[in-house]
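A lone chain, given as C-alpha cells: the form predicted alone.
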C-alpha cells in the first residue's frame, strides 16, 4: 500500500509536477474553446444543409450525410494521425506548415462537428412542421423561417445534449498528445518518465475532473428544468 501511495499520490511529486501539468492543461483549455466555437458554427450549417428541401439540394444533402457518417465512424485518434502527420506529408504550401496545435484543433473539429450535427438535426426535426407552415403563411421565406422560428427553438431544446458532447470534447483534447501537442497529458508523461513516478497523471486527472464535474452538473440542472417545463405543459 505504501508503494502505491508513493508512486501515485506522492505529495512531493504532486507539488513538483503541478506547474508543468497546469501549463499543459491551459493548452487543453485553448483547444477546447477554439474547437467548440468552430464545432457550434459548422455543425449547425451542416445540419441545415441536411434538411434542405428539393431535388436540387440532393448533392449537398448527400455530402453532409457522407461527412457525418465518415467522421462519426472514425476514432478521433486516427483522425489526429491523418491530420497531424498526413497533412504535413503532403508538402502543400499553407497547409503542411501549420503548428501541431492547429492540427489538433482541426482533428477535434472534424470529429465533433459530425456528432454535434446530429444533435442539431434532431433538434430541428423536433420542431413541429406546423411551425414552419405558420411562418411561411406569414410571408417568411424558407431561410427566414429557419432563422427566426425553427433554429431558435431547436437550439434551446438541444443545449443539454450539446453540453454532454462538449464534456466529451474537453476530455478528448488529451488525445492530441499523439501528434506532439504539449498539453497536460504529455507534460504528465514526461514527468513520469523522468522521475519514475505516476503522480503527475493524477494531477492531470484532477484538472480534467475539476472542469468536467461542474459542466456535468450544469447539464443535469438544465435537463431537470426542461423536464419540469414539459410536465407543466402537459398538465
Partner chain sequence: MSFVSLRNVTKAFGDNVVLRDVDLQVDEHNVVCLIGASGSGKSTLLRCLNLLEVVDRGEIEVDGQTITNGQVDVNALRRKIGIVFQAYNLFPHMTVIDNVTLAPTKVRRVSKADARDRAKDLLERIGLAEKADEFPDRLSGGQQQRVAIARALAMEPKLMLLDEITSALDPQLVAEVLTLVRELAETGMTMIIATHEMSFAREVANKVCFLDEGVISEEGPPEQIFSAPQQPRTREFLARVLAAGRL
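Bear in mind the structure is a predicted one, so any value in this text is a computation, not a measurement. Positions refer to the first chain, counted from 1.
The same protein has a further form, the form predicted in complex with its partner chain, not shown here; the description that follows concerns it.
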Heavy atom to heavy atom, is residue 86 within 4.5 Å of its partner chain in the predicted bound form?
no
Is residue 95 near its partner chain? Define near as a heavy atom within 4.5 Å, in the predicted bound form.
no
Quick one: is residue 72 in contact with its partner chain in the predicted bound form, heavy atoms, 4.5 Å cut-off?
no
Proximity of residue 76 to its partner chain in the predicted bound form, heavy atoms at 4.5 Å
no
Exactly one stretch in 159-167, 144-152, 117-125, 104-112 has heavy atoms within 4.5 Å of its partner chain in the predicted bound form; which is it?
144-152
Would you check whether its partner chain, in the predicted bound form, lies within 4.5 angstroms of a non-hydrogen atom from each of 26, 29 and 34?
no
Does anything in 176-200 come within 4.5 Å of its partner chain in the predicted bound form by heavy atoms, and if so which residues, in order?
none
